[in-house]
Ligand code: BMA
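Only one chain comes next, encoded as structure tokens, the form predicted on its own.
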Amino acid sequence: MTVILAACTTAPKAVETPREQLLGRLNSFVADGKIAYGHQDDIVYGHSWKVEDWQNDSLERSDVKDVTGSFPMLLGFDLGGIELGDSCNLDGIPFGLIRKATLKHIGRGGIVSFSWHPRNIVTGSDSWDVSSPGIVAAALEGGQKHDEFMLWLQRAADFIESLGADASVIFRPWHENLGNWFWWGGNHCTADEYIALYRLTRDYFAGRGLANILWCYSPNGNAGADGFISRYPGDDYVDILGIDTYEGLYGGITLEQGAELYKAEVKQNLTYLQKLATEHGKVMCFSETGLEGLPDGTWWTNALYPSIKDFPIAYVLTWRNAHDKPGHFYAPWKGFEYADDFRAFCEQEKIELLY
């Protein structure tokens, strides 16, 4: 009897898409016990400088790099203004520069996250204008501003598409939605309306074939697990669970007391976020935080790091260093008196920068 042995074959491993690679990278940070550090607008301007000629700029400067010798692993940029067809975003950064900086940072091995502060589609004022009711309803299908809103989505999608299919990015629209300071916030639309807004946004981008985006849902903190999930768009619409929590300069208390309040608040928020991320099978992050002006000389090592070190967050993003507002900064800059504490934070084994 002749026995014929079939040749052993192994199915070729599917090539990961850029989106899958980025998600895998975020999960690897968590698996390795690392937290990527991020800073808003970091390579396009800083505390006392800005890129003047972006077409010729090499984008090598950074307040974080000036202090630590390394770029932040993650950069944040905002698309506010793209909806109007403006040439610059709400902070005056040319969208051409944002595109160039995004591709430059990704090319270096970094990660980029986009937020979006679109104008009030009813009044024409900014995102913080909550003077008129029903703005979300007006933007949704059947609303009087729906066609205009779809043009807004088109312009935002056009920008993401212009990055190229290989440039995978994080997008976290409609953030801090449990507060009342944005027109899509808690008191200005129903839960169903908010969910419809988020889903409409992602469905439009998906319909355009934009498959290079990780979608982040990032409410403000202090709502508890039930509040957080009450406007959750659903597992099919979200890849990353984030939360925004800042330390405020509370009146009548010391910096030490403020730090203790912040630590308690962050730990409470990240505790329920971790539970929800586990239940829904999502990676988690600390999507925005900071202390404006950094008056606390040990904020990084005594407030931020102790608050996050025991949680499996893929990254933490601190807000921007405005070049035109001397007191509006959230990361140290060259010559800042408390820069040593930031360096000590960045030298912690868990903190990951882009070397």
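Here the structure is a predicted model, which is why all the values come from computation and not from measurement. Quick note: we count residues from 1 along the sequence shown, nothing fancier.
There is another form of this protein, the form predicted together with this ligand, and it is not shown here; the text below is about that form.
Colleague: Indicate whether the candidate residues 37, 283 and 311 are all in contact with this ligand in the predicted complex, with contact defined as any heavy atom within 4.5 Å.
Modeller: Judged in the predicted complex, none of 37, 283 and 311 sits within 4.5 Å of this ligand.
Colleague: Tell me, yes or no, whether residue 320 is in contact with this ligand in the predicted complex, where a contact means a heavy atom of each within 4.5 Å.
Modeller: Yes, contact at 4.5 Å.
Colleague: Would residue 129 count as a contact of this ligand in the predicted complex, using a 4.5 angstroms cut-off between non-hydrogen atoms?
Modeller: Result no; residue 129 lies far from this ligand in the predicted complex.
Colleague: Taking this ligand as it sits in the predicted complex, is residue 239 in contact with it (heavy atom to heavy atom, 4.5 Å or less)?
Modeller: Heavy-atom contact with this ligand at 4.5 Å: absent for residue 239.
Colleague: Decide whether residue 91 counts as a contact residue for this ligand in the predicted complex under a heavy atom distance cut-off of 4.5 Å.
Modeller: Heavy-atom contact with this ligand at 4.5 Å: present for residue 91.
Colleague: Here the chain is shown alone; which of 117, 202, 104, 145 has a heavy atom within 4.5 Å of this ligand in the predicted complex?
Modeller: The residue from 117, 202, 104, 145 that makes the contact is 117.
Colleague: Counting any heavy atom within 4.5 Å as contact, can you tell me which stretch out of 166-174, 83-91, 252-260, 96-104 lines this ligand in the predicted complex?
Modeller: Comparing against this ligand in the predicted complex, the contact stretch is 83-91.
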